[in-house]
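In what follows, one protein chain appears twice in different forms, each by itself as C-alpha cells: structure 1 and structure 2.
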Structure 1
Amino acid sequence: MRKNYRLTGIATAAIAALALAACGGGNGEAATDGATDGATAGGGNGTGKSLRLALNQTETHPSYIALNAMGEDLSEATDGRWNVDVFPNSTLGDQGEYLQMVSSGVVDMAIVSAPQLENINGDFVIFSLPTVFSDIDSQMAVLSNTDIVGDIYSSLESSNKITVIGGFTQGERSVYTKDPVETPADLVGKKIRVQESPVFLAMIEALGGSPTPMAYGEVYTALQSGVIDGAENNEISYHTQKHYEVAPYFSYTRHLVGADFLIINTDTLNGMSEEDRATFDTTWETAWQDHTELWKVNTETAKEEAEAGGATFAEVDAAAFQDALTPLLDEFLTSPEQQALLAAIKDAQ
C-alpha cells in the first residue's frame, strides 16, 4: 500500500491544483456547498464493494486529492474487495442532504462540516466554536485521538446509522472585507456573510458585525454589489473563489479553526471484515495526514497568488478578538459532558 506522499509530491499536487483553480475558478468552500458539473470516480478496479463518497469540493481541492488517493490505497490493499468512488462538485447533492443520504444508505460516505452534524447532535457544536483549537496541528491531534473523540464519533450510530470516521481541517478562518480591519470596532455595522449556524451568527455579532447568512456561491456577487461588506473563511477559499478581487483586505482574526468530517453508513462499516476494517482505518489515517500537508502547502500558494492579484494580508489586535469571542464558549457549551469534552481538548493542546 502506498505510504504518505513525500512533501515534494504534495507540493507539486498543490501547485497544480491551485493553478487549475486560478484559471477556471474553484467552487465551494471547506465548510459549505459548491457545485460544478460532472462526477469523477476515484479508486477501485471494478470488482468488490465500491463505496460512493459524496463531496462538495472540486477535483483541485485537498479533500478530493486525499480521498481519491485513499480509494486507490484501499483497493490495492484489499485486492479490490473495497474501493472508494469520490463524487466531487456536489454531484450527489449538497451537504444539507448528505446526512440523510448516508443514514439511509443511498450513498456510503460523505464529507460534512461540523455545523451539519450539530443539527443532529448538539455536542458537535464544540468543533465550530472559536478559540477551541489553537492551530491546525493541535486540531488534527485531537480529531484523530479516539480517547477524546471516540464517544462523540459513535454517538449517531444507533439513532442515525452514521459513524464519524474522523476529521479534515478547514484551516484557520479569518475575516476579509473591502476596508482594513484591525480591531472588532472596525466590524461594527458591517454586513459579514456567514454559514447558517447559530454559532456563526453569534460569532460575528460578538465582534460587532451584522451576520448575513448566504449561500457561498452568492458571495462574490454580493460583495461586488455591496449587499455584504465582507465574509469569513480560509485563504484557499478566498483565493479559489477570487473574492480578493472584491474584498481585498484579508485580516488574520483566526477566530476559528474549522473542521469537516468523514461519515459512513454504520451498517456498511460493520459489513467489513476485521482485517478490512483495519486496512480502511489505515488508509483513512494516511488520507487525513495527506490532506493536512496539502492544506498547508495550498494555503501558502493561495496567499501568494491572491497577493499578486491585489490582496493585502494583515495581522490584527489578536487579544481584542480573543476577548470578544471567549464568552461564546460558556454560551454554547452548557452541559457537563460538553464542558468535559472541552477540557479534554484543551488539555491535549
Structure 2
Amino acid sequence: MRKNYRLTGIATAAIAALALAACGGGNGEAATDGATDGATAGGGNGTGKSLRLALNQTETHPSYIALNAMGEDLSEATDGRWNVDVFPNSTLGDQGEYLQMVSSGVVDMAIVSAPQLENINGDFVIFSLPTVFSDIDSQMAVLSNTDIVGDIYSSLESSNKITVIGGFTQGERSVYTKDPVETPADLVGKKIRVQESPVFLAMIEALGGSPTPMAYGEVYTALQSGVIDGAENNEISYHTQKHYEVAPYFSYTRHLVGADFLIINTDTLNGMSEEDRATFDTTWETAWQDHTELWKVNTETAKEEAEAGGATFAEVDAAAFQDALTPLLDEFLTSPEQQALLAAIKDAQ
C-alpha cells in the first residue's frame, strides 16, 4: 500500500514538473539560476520527439554539460526528429525515483548511480566495489566495451523496460567530514551519508562509521543541521553541491572509482529507426568521451574553488581504508557469473 502511494506521489510530482516545463517552454529549472532552456538547447523543430532526461546535478557539472551538448548533436544530426531536454538539479526528484519514472515512461532517460541499479539487479554491485577499476581511463574502456557489459546493460529490459546505454565516470570517491579524518578509526561513531544501497552501507560499516542512507539532494541540509557528520563523493560533487561549506575536511580515501549510467525507457529506444538509433549511439559516444576529458579538468578547478571557499584536502593513509574494504569483494560477488564479470573487467585493464 505504502509503496503504491509513494509511486503515485512520484508520478504526480514528475508530471507536475513536466507540465510546468511545457507551459514555460523550458526544462523545468526556471527557478534555478543560470538555467539553460533544454528545449532550445536541444534545438528541436517542434515536430520531433523530446527525450526528457532527469539529472540530479547542477548545470555546471560535466554530466549536464555533456548531455546538453549530446542533445544539440542529436537534434542536428536527426534534423530535429530526436531532441533531449535535460532536467537538472533534481527537479524531477531523486535517483531512486528516476528508475520508476524511466520504467513507466514518465520520463525517457535519466542518469543514475550504480547503486541505484544494484537495487534492481544485484550484479550491478560490481561497479561500486573498491579496487575493481584502477583509474578513470581503464574504467571508461570497460564501461564502453559491449563484449564485457552488453549483457548486464540489457538485463533490465524485459523486467523493467530499462536499457542501460552506457556509463559516465564519477571519478574517485573519498570521505569528507566536519572534523578531520586520517584513519578508519577516526570514522568510528561518525554518521556518514551513503547512497541508498547495500554495498555503500557495508562500506561505511567496514570502516567503522555509521552509514546513513539519503538522497543526494538532501545531503547539504543534513550536513548543515548536523544530522550527519560527513559524506563521501568526488571533488566535483563536493564543489558543485557546495558540501565544502558545511563539511570542510576532504580526506583522500579514494575508496573506489564510481560509475553513473545513462538509462532509457526500452520502448522509447525501440521506437527509433535504425538510422536514428545509430546516430543516437554516436552522439552518446561523443558525450561520454567529452565527459571524461571535462572530468579531469573540472576535478582540478573544483578542488581549487573549494579550497578558496575554506576546504582542506588531505592525503591520508588510503591503503588503510582500502584494506578495510577489500573483504567486500568476496562478500558481495558470490555467483560464478559475477566472478566471471570481475575477471573480464580486470583482464581489460
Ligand code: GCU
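Computed from a predicted model, the values in this text were never measured in an experiment. Numbering runs along the sequence of structure 1, starting at 1. Only the largest set of C-alpha atoms that superpose within 1.5 Å between the two forms is called the rigid core.
With each form of the chain shown alone, which structure should be assigned as the form predicted alone? Pick structure 1; the other is not the form predicted alone.
With the core lined up, does the C-alpha of Ala306 move 2 Å or more between structure 1 and structure 2? Yes; that C-alpha moves by at least 2 Å between structure 1 and structure 2.
Quick one: core overlaid, is Glu232 moving 2 Å or more at the Cα between structure 1 and structure 2? Yes, its C-alpha moves 2 Å or more.
Yes/no, Asn83 Cα shift of 2 Å or more between structure 1 and structure 2 with rigid core fixed: Comparing forms between structure 1 and structure 2, the Asn83 CA shifts below 2 Å.
How much does the C-alpha of Gln241 move between structure 1 and structure 2, in Å, when the core is lined up? Its C-alpha moves by 4.2 Å once the cores are overlaid.
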